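What follows is a single chain, given as structure tokens, in the form predicted on its own.
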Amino acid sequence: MSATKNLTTIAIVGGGPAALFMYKRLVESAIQNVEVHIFEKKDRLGAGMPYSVEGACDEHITNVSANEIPLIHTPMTDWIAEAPKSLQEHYGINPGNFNDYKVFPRLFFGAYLTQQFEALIKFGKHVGLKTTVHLNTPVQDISDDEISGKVKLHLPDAKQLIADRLIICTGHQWPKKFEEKVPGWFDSPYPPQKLAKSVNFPVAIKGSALTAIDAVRTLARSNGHFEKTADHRLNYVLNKESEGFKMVLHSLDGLMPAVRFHLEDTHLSQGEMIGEEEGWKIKEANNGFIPLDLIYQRNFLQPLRAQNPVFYETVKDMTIEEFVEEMMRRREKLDGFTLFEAEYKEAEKSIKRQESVAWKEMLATLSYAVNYPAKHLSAEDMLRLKKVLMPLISIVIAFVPQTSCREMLALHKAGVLDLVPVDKESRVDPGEKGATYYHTDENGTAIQTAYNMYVDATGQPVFTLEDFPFKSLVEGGTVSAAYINFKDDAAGALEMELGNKLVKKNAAGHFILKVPGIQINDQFQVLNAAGAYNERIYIMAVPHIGGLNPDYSGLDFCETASARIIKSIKPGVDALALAAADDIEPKVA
């Protein structure tokens, strides 16, 4: 397989949402003399894992509404009116009563993303962007040649493609550890069809957030059904053959995720984001680092003051640690499901009144805002982010849809969904069948419970350098393990003394903190061990950059990362301020 002479060849590995937004940027940029090759291991573009049968069944819904989706080609609401009738009917979508604030089935959204990718490719052809799509074509390896300045993609049947630029857009991955070796053990709920089992015993689920809710919704439908009462309440009825069925969520400290509420800023841009040029000035003034407290002040406290001055006055003088402790204390003093129901009622009022829950929205904004400067934090601040702030953020930004919340409460009321608080030292061991859960309860009593079926639903795991799929890039030193420097060597020495195995000394004798994934710069270019960036290779694959990109913000991440990449590929393009798609993208049949 050869590239066309005299054209710059750009290869995109992966064909899901990240690839969709990257391709959108290439089309919008009006880049010339370029050919694009897109490699997707499945048989369709756009949907990726979350919005295809690899990650969803009919019952699974998005946790974002139409107005929160960055514009691709056709707005979601407009597309729904044009969607095939059979698709509308299958998913119960009525264009007449659909609005921008509604969530929708993930598989339906996947159909939208697929169609948007196809429309962009047609428009790309219209403006002279040559595009070749390779479906059912996994990229087996990638190698980089510094001398020629080319990247080689190794394909099935000993085929190859030589490219000038490469963007790695591989998406979610769910490695199997004991699944298929231990009956009743599932390392993830995906694909969810594997959980569609009629069982007559309790099922252990590790986690309580969106991934766990996916497992709950599939298992519930395989062992009973939901009924609406005359007063519009939701009840759950078990099948007779599943009378012993129960789902047991195991959550750290018994916490449940927060419920979706009305967002004032649907794209989480409140507060002034730190740009690249300003970031360097901040680093110069702070010994080479961007302080976490500065980001907290700028992207949480300042916008909170504008939205809710009363609440701001109660927290303005708190440190990050004090604020998180107070918010966690409020959550932990209530039973998990009691708080879940209370937050559901609060969220319902927020949506009906179209009024945000300000501190929660600002926390979501903070999570999004910290992505760019995360790689410029000190190791001390990275530890604070991971240990202190992210546990609260991960709860609040789950944005559980109201439909899911109603089902969870109905299941709990029916006695088939329980919540067990577990401690940080809890563990799960495989048995001959299923697993045994070990934890210590709030009274200090050691508990162990055996389950015939166990589902790890803690979400997308992050990977180390050793997990990177393209081994030639690892062996050739093109990519390197991610790390963060300590600001103070004494703090690093203390952390090492306390037993943190991720703290190491570098060749210069200074302390570093190893974090998951590989090294990247602000343009999402990979770095070698010496810290030099590779001008040919970019990566948007979040499981492999999670250490330096801690917030998996879905489509918002795809939008922002692709903007930074296109500005690097074609200098002078202000991708963050491109005109609306309707102004630059005529509809092409």
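Residue positions are given as counts along the sequence shown, with the first one as 1. Here the structure is a predicted model, which means the values were calculated and not measured.
Not pictured, yet referred to below: the form predicted together with a small molecule.
Chemist: Taking heavy atoms only, is Trp174 within 4.5 angstroms of the small molecule in the predicted complex?
Modeler: Output for Trp174 is yes: heavy atoms within 4.5 Å of the small molecule.
Chemist: Test of understanding: in the predicted complex, would Thr62 fall inside 4.5 Å of the small molecule by heavy atoms?
Modeler: Output for Thr62 is yes: heavy atoms within 4.5 Å of the small molecule.
Chemist: Should Pro183 be counted as a contact of the small molecule in the predicted complex, where contact means heavy atoms within 4.5 Å?
Modeler: Taking the distances in the predicted complex, the answer for Pro183 is no, it never comes within 4.5 Å of the small molecule.
Chemist: According to a 4.5 angstroms non-hydrogen atom cut-off, is Tyr190 in contact with the small molecule in the predicted complex?
Modeler: Tyr190: yes, in contact with the small molecule in the predicted complex.
Chemist: Tell me, out of Val36, Val27, Met49, Ile545, which residue has a non-hydrogen atom within 4.5 angstroms of the small molecule in the predicted complex.
Modeler: In short, Met49.
Chemist: Which pick from Thr478, Thr218, Ser251, Thr137 sits with a heavy atom within 4.5 Å of the small molecule in the predicted complex?
Modeler: The residue in contact is Thr137.
Chemist: Based on heavy atom distances of 4.5 Å or less, which listed stretch (63-71, 559-567, 27-35, 519-527) is in contact with the small molecule in the predicted complex?
Modeler: Answer to the contact question: 63-71.
Chemist: Check Lys194, Tyr344 and Asp456: does every one of them have a heavy atom within 4.5 Å of the small molecule in the predicted complex?
Modeler: No, the whole trio is out of contact, none within 4.5 Å by any heavy atom.
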